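Shown next are two forms of a single protein chain, provided one at a time as structure tokens under the names structure 1 and structure 2.
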Structure 1
């Protein structure tokens, strides 16, 4: 079995800042018959776990992680909790489940959760990172972003974003928030409060680590636009989270790119919040999907059924205070000096 095997159980993460509505979402999810085969882990910050009380009797099989933020202190505890779930499942002491849902604390950066799974020699043969779902409070988002850097980390890590409490905010505020979310994470799907009121299994469908990708899923996931489409250039304030897209014309030396990216993440992993893209790799028949959250790059996968006439390679970066021009200059200079093959023409679009 490999880490890309679609039979692996996905660990989906529900994150969001304090009071954003994560527990409301989880209560609805657990009350829904559609989510009947779900195991739930709840991470609570502080001595008294509150969220398990709020969930009441709905989540009989929920496991409460009690010693702090998922992002830092309890990675070992998360590994142990996941291993315990698998053991209980194997022994038949809990029903079989086909997904795990992990609710983080409002102060947790969900990025390192994936590495907890993929780096564990036992867990990675049973589990895979699933969807990262982040709930964003329409009322307090601006203040939260200003005061806490983890707010943007949570948005950047998301595959799907749910804007909550839109009924309490005026239209302008919601539109401004939507624009900000798109600036930080242009490829995340943005959902409204209906996703909390009436959640469906589509919320956790199609994680970014399925074994075989099709062209349509890849284009949607990357937000690929027609070639030549002008894009908005990002601002590059030192502490501002922003996103940008690189286009690479010509085949990519995968080995050289891997060496460069591993160096970049070693030095700047805390500020490279997200990398994802599709690459036409030298010597490969199908394009390759790259997907990483902070220091963790998931095993790359080939895209199936990619059209012959589409030879695009694109990389989307979400960074904190690193401008796209610096990344272009670095990758271009590195490939030209190090690779044994002609470097692709790299542009910042």
Structure 2
């Protein structure tokens, strides 16, 4: 795992269940001059209504909009579509762009998109995983979660969640949904429908640099609750998505933990929907932010100072059908057998 290369173009993903409001968001993005340096990949043109915005056809599958966006349909595999987009950019047939915004279908799990980028030897030299943004319908969220497991996958993969259609739902329903989203994904920032009505490029930027945040804000961003706060309940049901956190007391062998985490996600990536946390690395003064989605580990972020009041290492897991005590046993056993240093004390809270 290496530090993020700022020169790489981020691929931001917009997901959300059928009818959640992705189309409304994309209409605003495509029309806004604020997104003029964006390449937008969408699966279907039909519902987006961009005909009146077209400035001219650049290629069979790419159009330049009056806002400055480059908009492409995905008619082949994602890796091929991204490679084609980079080819058009390199040849000067479309303007240079600073970000890619990818809309998934309503039934798609956004998790594997990051692995598509990082596993491709060509794409990973030009692109990097960006923000996962999921739109959630305040009216039908409960029914969607019950009927389709992918709904929870979309929520779990999100860096940011937008609750749509709040004007059609009563306050209690919206509050209940907000609590449910926090239970599934305590690391995500939750936004209201204004983010759809007036989108800005801040939608696709990660929150403020961790080192600038106070303890409360940082822990809220990481989903790390203060000591004494009840942990989220886990369920033994194999299809249930739950979250929990591990606290590691003492310095962490970064190499050993990195190998363990890579093996864990490789073996159980479809059930480890997300992991995110802050680590006190052995031999290093500064903390490390780690972030993984399903089979993919994002490059770690090294920050200057501890953003919290203490230097405890904590990891938040969002899983389907894997209990926290199994993760603790796996990590503890691996570190005791492999690491040359004393294993940190691991607690499941």
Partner chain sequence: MCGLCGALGGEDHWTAHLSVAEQADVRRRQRAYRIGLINTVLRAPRLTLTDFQSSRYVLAGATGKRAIVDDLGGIWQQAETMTGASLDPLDPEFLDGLGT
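Residue numbers count along the first chain shown, from 1. Everything numeric in this text was worked out from a predicted model, so none of it was measured. Under this definition, the rigid core comprises the largest set of C-alpha atoms superposing within 1.5 Å between the forms.
Asks: Two forms of the same chain here; which is the form predicted on its own?
Replies: Answer is structure 2, the other one does not fit.
Asks: If we fit on the core, is the Cα of residue 24 displaced 2 Å or more between the two structures?
Replies: No, shifts by less than 2 Å.
Asks: Cα of residue 268 displaced 2 Å or more between the two structures, core superposed?
Replies: After core superposition, the C-alpha of residue 268 moves 2 Å or more between the two structures.
Asks: Using the rigid core as the reference frame, would you say residue 335 shifts its C-alpha by 2 Å or more between the two structures?
Replies: It does, since the residue 335 C-alpha is displaced 2 Å or more between the two structures after the core fit.
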